[in-house]
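One chain comes next, on its own, written out as structure tokens in the form predicted on its own.
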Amino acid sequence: MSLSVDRDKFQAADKPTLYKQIRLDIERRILTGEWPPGHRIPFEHELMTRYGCSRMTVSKALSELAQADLIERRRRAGTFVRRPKFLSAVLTIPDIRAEITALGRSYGYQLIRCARRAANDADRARLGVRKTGKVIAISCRHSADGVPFAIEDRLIDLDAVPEAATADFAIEPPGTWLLHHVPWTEAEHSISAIVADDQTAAALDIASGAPCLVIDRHTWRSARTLTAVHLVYPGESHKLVARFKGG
């Protein structure tokens, strides 16, 4: 993908802040998905030509992006947009659509509710942030071969993920969209079990009081919460498997 900038604007900038403008321009391309995970960043000499600056200025901008875990610099290969990291060797952030498809089953998706609103105290508490402006609250259902597979209740912080405001979650599941468009650096799973209340039972087409598996997950980038999601699965048809190796 070509890199086009207003070179005069960058040349006119004060020298102490030039690297910050370069960093913000590259960061914007990453966070909007213009440069997706795995995309190669132009080489330093290309950036020097584009922005009309020294190698030291470019290097400083790239170093800050690397410290923020947005890019990774590979010796001899170049610099790339960082791909999402797994939480650990045995726990990953799954793409439910890909997970169902990999089982050879037909994936179905139903958006139940999607609301963009000003964050309230409950939203901030759930995201673990003191201040945020707007959020997107999403409820949806995933199915496999026409049978309910999981229900999802998700909160996305629009201050941290502004590009989510233009995503069409009526067509693409939020988890799938986030994994393909938003780099993240840390995640946490909390796993528990519940018995289905009437509302949950109806959504999953199971008996009221049936056991359910619950996964609550938070995802961060550089200490800023991106999203919090609450997933509920029918207990009798879902399990988690982790395989370990000794040191």
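For every residue, the number given is its place in the sequence shown, counted from 1. Rigid core here is just the name for the largest C-alpha set that superposes within 1.5 Å across the two forms. All of these numbers come straight from a predicted model, not from anything done at the bench.
FYI, the form predicted in complex with the DNA isn't displayed, but the following is about it.
- Taking a 4.5 Å heavy atom cutoff to the DNA in the predicted bound form, the contact residue among R73, R124, R97, K134 is R73.
- This chain is drawn without the DNA; in the predicted bound form, the residue among H39, K60, H189, H180 with a heavy atom within 4.5 Å of it is K60.
- Proximity to the DNA in the predicted bound form holds for all of T17, K20 and C53, with the criterion being a heavy atom within 4.5 Å.
- The stretch among 73 to 81, 97 to 105, 154 to 162, 137 to 145 whose residues place heavy atoms within 4.5 Å of the DNA in the predicted bound form is 73 to 81.
- In the predicted bound form, at least one heavy atom of F43 sits within 4.5 Å of the DNA.
- The rigid-core alignment places the CA of E46 2 Å or more apart between the shown form and the other one.
- Relative to the superposed rigid core, H189 undergoes a CA displacement smaller than 2 Å between the shown form and the other one.
- In the core-superposed comparison between the shown form and the other one, the C-alpha atom of S222 has shifted by less than 2 angstroms.
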